[in-house]
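Below you will find one chain, with nothing else, as structure tokens; this is the form predicted alone, and questions on how it binds or moves follow later.
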């Protein structure tokens, strides 16, 4: 099922997403036609199947990363999953998700949600903001929130949202903020994996096409070495992301997701560096498409916790497990 989902998403995004669309979206336009196509193909419902939902959603995220899709696909997938768990109706259209940052503060009491969320993706374009506060899943009308514009390094909307009022819907749900943060980190790992795969393809194609001193630069040992290092990073990230997908709903989800976010984040920085070295100055120019991928890699590695954040948490868990418990913990995961 997941291979079919990936092929469907990859084909749709390959045909619809080009540099012109990416530039127009970064300038402020929202690709309505592409969003309609995503909804019509059912990709935003990837989590719906209880047996294959996580793997299907991973396939959609990886494909979205491969093509730098300028849509809130990760946010909508995770928000829909949250609503599904809480038994709430799922609004149509793109959804925003909060909290996303450890500095976000919120409270739900007396039927009112009060809070400030500092980096909400696509809030001003969403039909609803789905928030988690004090053990409740809440649906908020973006028109009733104060939304301050902002963007990440890749030009994707990341806005400050302040809410003070009753939600459209609310339901108690035993979901911890740590769970939401973990799933957000998992989504960014898959997006980074997809973007790295395309970055490697773009760099390899350029190395074979660019002729210097009578032969392709890809024939030079130094260029081959950098491409090989990139391929290593992509392969290691794929293993980590696949393990996190298999363990996302398991007892040892923290270990698998922490490792994936750390490994994919480190690889994202290296892959972007190698790609720009192979392609020289052309990769930095506005006319080339490479920067749409590498700026997303640099942005996504910082979202839902940087490598240093997850490494500290992982070290604390290891310290708690103790020397005698470390090996059983690792092998159980």
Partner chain sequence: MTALRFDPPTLPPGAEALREEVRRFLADERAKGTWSPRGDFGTHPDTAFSRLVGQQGWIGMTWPRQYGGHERSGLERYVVTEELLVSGAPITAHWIADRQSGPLILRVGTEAQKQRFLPAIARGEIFFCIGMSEPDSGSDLVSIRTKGTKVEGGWRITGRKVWTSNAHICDYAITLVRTGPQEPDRHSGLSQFILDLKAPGVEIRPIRNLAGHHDFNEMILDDVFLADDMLVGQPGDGWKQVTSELAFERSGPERFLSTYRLLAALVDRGGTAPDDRVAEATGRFVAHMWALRGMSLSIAGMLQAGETPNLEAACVKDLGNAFERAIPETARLVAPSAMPVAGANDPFETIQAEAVLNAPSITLRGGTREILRGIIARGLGLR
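Given the structure is predicted, the values throughout are model-derived calculations rather than measurements. Residue numbers count along the first chain shown, from 1.
The same protein also has a form predicted together with the partner chain, omitted here; what follows describes it.
Using a 4.5 angstroms threshold between heavy atoms, residue 80 stays clear of the partner chain in the predicted complex. At the 4.5 Å threshold, heavy atoms of residue 148 stay clear of the partner chain in the predicted complex, well away from it.
Heavy atoms of residue 16 never reach within 4.5 Å of the partner chain in the predicted complex, leaving it off the interface. In the predicted complex, none of the heavy atoms of residue 86 sits within 4.5 Å of a heavy atom of the partner chain. Listed residues 170, 262, 90, 128 were compared with the partner chain in the predicted complex; 262 is the one with a heavy atom within 4.5 Å.
None of 177, 155, 218, 166 but one reaches within 4.5 angstroms of the partner chain in the predicted complex through a heavy atom, and that residue is 218. The stretch in contact with the partner chain in the predicted complex, judged by heavy atoms within 4.5 Å, is 197-205, chosen from 184-192, 105-113, 158-166, 197-205. Although the partner chain is not shown here, in the predicted complex the stretch 215-247 places heavy atoms of 218, 219, 224, 225, 227, 228, 229, 231, 232, 233, 235, 236, 239, 240, 242, 243, 246, 247 within 4.5 Å of it, in sequence order.
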